[in-house]
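Let's start with one chain on its own, the form predicted alone, as structure tokens.
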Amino acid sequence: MDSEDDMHDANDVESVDDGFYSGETAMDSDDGDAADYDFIDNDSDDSDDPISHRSQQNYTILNEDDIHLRQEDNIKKISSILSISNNAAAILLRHYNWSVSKVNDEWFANEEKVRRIVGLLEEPRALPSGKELTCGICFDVYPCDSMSSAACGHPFCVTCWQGYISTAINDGPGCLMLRCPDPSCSAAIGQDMIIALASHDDREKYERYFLRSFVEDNRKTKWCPAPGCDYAVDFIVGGGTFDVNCRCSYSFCWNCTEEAHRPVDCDTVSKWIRKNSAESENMNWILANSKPCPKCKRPIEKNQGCMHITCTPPCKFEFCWLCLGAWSDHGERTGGFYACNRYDAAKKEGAYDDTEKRREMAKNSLERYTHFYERWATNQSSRQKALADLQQMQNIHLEKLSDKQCQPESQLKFITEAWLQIVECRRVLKWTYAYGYYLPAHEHAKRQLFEYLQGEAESGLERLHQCAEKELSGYLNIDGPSKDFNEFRMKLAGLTSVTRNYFENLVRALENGLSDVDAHGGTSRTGGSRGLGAGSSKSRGGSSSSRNKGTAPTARSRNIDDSGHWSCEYCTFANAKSATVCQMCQQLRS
């Protein structure tokens, strides 16, 4: 159970902006019902719903129908502006990567050059006159009604056309830029001709290539990288963060297409992923936990208590684990079977200093990496579990709770908001461990501030997660309405808001590179430094008290709280009443 301070913190909290992080730019979206997760219902008309606010974003999720509509709109727009056919407009847009502005600029700058490059003729040419014509590929003679040509008028029989088009389509997306088969001609082949002559299977492939080209050739759009997902994302660059939440429930970074990782930058994420997949940690483990056989040099892990080691066949060399000398040279004169004075003497003389130092460094490196990786992976698994719990809550438990507490589901949205907050906070917390791994060891002040903010955020998240997971289950298992359910509502909503504030401070500080602390352990007085506590609540929650650091009333408050502590307005650390300088960031008390 939470302490009375925790309850006070949870209930005495001011509401903040409903967007998870301040600084995100809300952009108008053509797809108003795009959700953070595909199982979240966003049909509510409640404009004050924080989940609805969170769906305002600087990107639009597109399905295949949306992509088709955008393609058709762009084609019609170019066709109308340039007074050309839809087929010619499609050819131009594909050549210029579906950029309407680029087509307009190039066309009006030099129309003749654009036509020559793209393969558009000003005046289409008809087939040569005559009852019979010779195919330019198979050189057979056919009646005119069995011949066909592109805008250039070069005649080829339908069979050769079908083979030419089928081969191009099976070769890949290059079929979208198909030209006349005549070696001396560069006339473009329009989409209408390909659709008319291609087989059913080839036509479906071509239309698929055509659809995908709008996303893959357009620098403003990308496919969702989740396996099996067919949604695309239209992104407004510079409109906010790079985090994208697809309808398939997968969150990713627009910039690097890796899993969403705000507030950690893409370079750090790339290094961390390479670190996790590289063989370097295997080598570190081998170096830290094994020694090479003096004879065959194969690494050996010591799995028994005795210092007598026997290498595996075919080597079978017997040696001392401590000094790596032959076991035949050991006995009572070397200190016995469980010690080696030869090793102790050599170590005093410095003979093993380099080897031991190298092994110790490898061991420390491995332990440090394991520390951060375990916490990174644990938060990842906790987030996956929270996503499953959120889905179950949406699909099953909310209706059940509504019936038991005699309240409409619209009044239970605070539960969904709490679970959404947990899911997002688990993601942020997970990546802060990758950030902490690469934080330079010599920057002690930054590391101290980082660990404090991370600890406060993690403590608040654990309290929220426990309340949403364990305390809520009690109300699901009772038969009738509970008298204290409204108190639980206030507590869970308060913990959600407090936790959001903790993570806002953490995210803001990391995105600023912990610039509030300078290299000497002081606090920068730049304009951005005061942003650390922006948007925080009146009460900082009970996690500070659990860390024996007192309770910080607010990030900007200069008053002393009931326990006799004052809160630093820069880093929110709760200092003793007698202190004149913040013990965390060395900022003078104001």
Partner chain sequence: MGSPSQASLLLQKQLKDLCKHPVDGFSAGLVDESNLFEWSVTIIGPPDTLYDGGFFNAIMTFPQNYPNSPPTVRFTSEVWHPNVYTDGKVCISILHPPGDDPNGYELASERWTPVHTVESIVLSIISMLSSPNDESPANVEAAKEWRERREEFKKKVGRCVRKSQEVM
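Remember, it's a predicted structure, so these values are computed and weren't measured experimentally. Numbering follows the first chain given and starts at 1.
FYI, the form predicted together with the partner chain isn't displayed, but the following is about it.
**Q** Even though the partner isn't displayed, in the predicted bound form is Ser515 close enough to the partner chain, meaning a heavy atom within 4.5 Å?
**A** Output for Ser515 is no: heavy atoms all beyond 4.5 Å of the partner chain.
**Q** Applying a 4.5 Å heavy atom distance criterion, does Cys296 contact the partner chain in the predicted bound form?
**A** No, Cys296 is distant from the partner.
**Q** Considering only heavy atoms, tell me if Cys160 and the partner chain come within 4.5 Å of each other in the predicted bound form.
**A** Result yes; Cys160 sits at the interface with the partner chain in the predicted bound form.
**Q** Hey, in the predicted bound form, is Glu111 touching the partner chain, heavy atoms inside 4.5 Å?
**A** No, Glu111 sits far enough from the partner chain in the predicted bound form that none of its heavy atoms falls within 4.5 Å.
**Q** Pick from Gly436, Gly190, Pro181, Pro263: which has a non-hydrogen atom within 4.5 Å of the partner chain in the predicted bound form?
**A** Of Gly436, Gly190, Pro181, Pro263, the residue with a heavy atom within 4.5 Å of the partner chain in the predicted bound form is Pro181.
**Q** Which one, Ile236, Cys138, Cys248, Ile81, lies within 4.5 Å of the partner chain in the predicted bound form by heavy atoms?
**A** Of the listed residues, the single hit is Cys138.
**Q** Please name which of the stretches 167 to 175, 476 to 484, 204 to 212, 268 to 276 has residues with heavy atoms lying within 4.5 Å of the partner chain in the predicted bound form.
**A** This holds for exactly one stretch, 167 to 175.
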